[in-house]
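Presented below, as structure tokens, is a lone chain in the form predicted alone.
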């Protein structure tokens, strides 16, 4: 499997700006770190089979959470079409570390499962390949939180693939909090396959990293499923953050909600591309897409593109996007009442981000987001 994936990757290569899904996201820095590995194919493939990634995985090992068994090739690549995802092809060839989370049928996990992924100095100038597998059983409920952090200031590239299988009538809250240092390169694909009447709530926050790219995809394999994709991003300096969301409605009575907001400053760039496809057989589908952005400088850039393809009349669907600056009237109102300009701007930014955070069901996850964003406490002390 690894050898075939590597051969496919060397033929296919990294996506370029000519690829529609990557036209705003240059991968020159990733290509530079891959160059040595491409010159040592046999060595890197053999090493990947035996060597753990230099990303330290911290979690409480129990009957639900274990290291991924990479010798069991039958567990991989069942939630997406591998040929359509070049970075997943690379990950399949070189994957070194990851967790397997298995929740049995009729099981409710009261406490969140937290996986902290920390890059250290040994990660520098290397590619790190993580593969996570999550299976949540019938009528089960769980909350899984992934945190990505840096214990080094050196550049590294971490490429992550998550495969999520949501069983019938299951309920999963899936959380990503990415706050690596400003020179890290982070690419992550989250591929969700949902059975009948399952609910998945995807919460994501990106702050930090020179390049951060997230592909979050939901595939409704049976009727009555629901997927919420809610997230925030901040970018400054020359950072680049990119969220690509995709939901395929191929079954009736399914629901998608996509709500993201971002704040972009200095010469940073943000990309938001959300796509929902409602196929001819997916009657009674419901879809909402919203993306709002604040630009804090004249050199910041946002490329936002919500896409909606509807091939059935009996559906409810809406989408919209905005890009703007802090409200000058609101800022004048606050400063006219004696609030310093810096404090007033912080209040407006907090209010802008809070609209998304308030959509998160978990109070604990709300608090994690507020802490990561350095937000002032709200009126309830959160």
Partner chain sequence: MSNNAEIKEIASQEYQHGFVTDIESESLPPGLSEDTVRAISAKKNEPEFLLNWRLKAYRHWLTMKEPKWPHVNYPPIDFQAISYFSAPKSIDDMPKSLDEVDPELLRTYEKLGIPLREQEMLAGVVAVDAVFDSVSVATTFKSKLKEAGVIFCSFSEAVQECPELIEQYLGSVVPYADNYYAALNSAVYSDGSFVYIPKGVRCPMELSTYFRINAANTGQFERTLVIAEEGSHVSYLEGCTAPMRDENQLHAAVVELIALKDAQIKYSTVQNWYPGDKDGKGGIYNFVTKRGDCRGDNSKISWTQVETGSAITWKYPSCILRGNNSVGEFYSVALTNNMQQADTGTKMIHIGKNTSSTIISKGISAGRGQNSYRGLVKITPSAENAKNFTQCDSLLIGDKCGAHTFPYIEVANKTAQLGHEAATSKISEDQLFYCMQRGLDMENAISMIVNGFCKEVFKELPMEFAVEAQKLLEVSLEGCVG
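All of these numbers come straight from a predicted model, not from anything done at the bench. Residue numbers count along the first chain shown, from 1.
Although not depicted, the form predicted in complex with its partner chain is the subject of the following passage.
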Would you mind picking out the stretch of 63-71, 351-359, 330-338, 313-321 that comes within 4.5 angstroms of its partner chain in the model of the complex, counting non-hydrogen atoms?
313-321
The listed residue (308, 223, 118, 114) that reaches within 4.5 Å of its partner chain in the model of the complex by any heavy atom is 308
One residue of 138, 296, 109, 196 in contact with its partner chain, assessed in the model of the complex (non-hydrogen atom, 4.5 angstroms):
296
Even though its partner chain is not shown here, does it sit in the model of the complex so that 123, 125 and 181 each have a heavy atom within 4.5 Å?
no
In the model of the complex, does residue 130 come within 4.5 Å of its partner chain, counting heavy atoms only?
no
Distance check, residue 22 to its partner chain in the model of the complex, heavy atom within 4.5 Å
no
Can any non-hydrogen atom of residue 302 be found within 4.5 angstroms of its partner chain in the model of the complex?
yes
Is there any non-hydrogen atom of residue 58 lying within 4.5 Å of its partner chain in the model of the complex?
no
